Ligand SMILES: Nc1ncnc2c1ncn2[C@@H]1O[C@H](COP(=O)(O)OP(=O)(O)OP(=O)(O)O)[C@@H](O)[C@H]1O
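Presented below, as structure tokens, is a lone chain in the form predicted on its own.
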């Protein structure tokens, strides 16, 4: 008789019957170029609940002070902390590989890093995910991600100096993908794809989704800071006033949009090129574009995008899906919902 096998089965049974300790809340922390957004998510009856949230403006380059203020407001105390990096030095690839378990994939793809990324393999952190794990085809679609080590190490150092410990670091576009998969519109069986443009401070991230799964990602280095500067210069106001005009232009809407004409046209051109490439490569039509991030709050932008791209364009509110419970005490987050895509994706 194999007593060791019997004992292992006994331990497995006991482990299943033992009550599991509740998972700690998770705080997703989105460190942008103009502000830090953070949201605490926790398991609740029937789903996930928004416990606390905060936005803290960044003054100059003093990110550490802003992060400490976020910590004081959210009372960091044993929660799992997750953040992201973005921009140059991050890269995502979508590749078809022979089907294998994830464990085997992780052991094998690292030998071909120089084939997938234009970086010295010793200079990056990398990871992978199988996007179609349930498919029975011999080939599988794999997402490969790489980040320059210095970017992650700087983020870890920032949190350590603020007296905090990070649990994991990812890429902004991965966080957006997490959020859109759970909090985006339900995908019908039309076979068409949907796109999300997250407009951050210094850069925008375009992602295309099919069957709720990310299939294309690209950074476009035009962001809301450029919009603010154009408004300030054209209307002769300071940047704080220009920010206010982006949200509530009133009678100056036409002037504000005219001031932003060049960066908006650059975004439209890059989006069109990306969509044309994806549609030609995959023979899949993109039938809807969603805007998120602080830059998406520029009044009239969605109409300009829709007119020039020839498809429906909407501001994405990730809190409208009903997946997340938002208690009355956290209700004010709805006013900033479009800016919380990355933080919510990190928390999820």
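Residue numbers count along the first chain shown, from 1. The term rigid core refers to the maximal set of C-alpha atoms that superpose within 1.5 Å between the two forms. For clarity, every value in this text was computed on a predicted model and none was experimentally measured.
Quick note: we don't show the form predicted together with this ligand, though the next part is all about it.
Proximity of residue 199 to this ligand in the predicted bound form falls within the 4.5 Å heavy atom cutoff. Residue 295 belongs to the set of residues with a heavy atom inside 4.5 Å of this ligand in the predicted bound form.
Contact check for residue 51: no non-hydrogen atom falls within 4.5 Å of this ligand in the predicted bound form.
Interface membership of residue 243, defined by any non-hydrogen atom within 4.5 Å of this ligand in the predicted bound form, is confirmed.
Between 61-69, 297-305, 316-324, 277-285, the stretch whose residues reach within 4.5 angstroms of this ligand in the predicted bound form through a non-hydrogen atom is 297-305. Although this ligand is not shown here, in the predicted bound form the stretch 221-244 places heavy atoms of 224, 225, 243 within 4.5 Å of it, in sequence order.
Fitting the two forms on the rigid core leaves the C-alpha of residue 59 displaced by at least 2 angstroms between this form and the one not shown.
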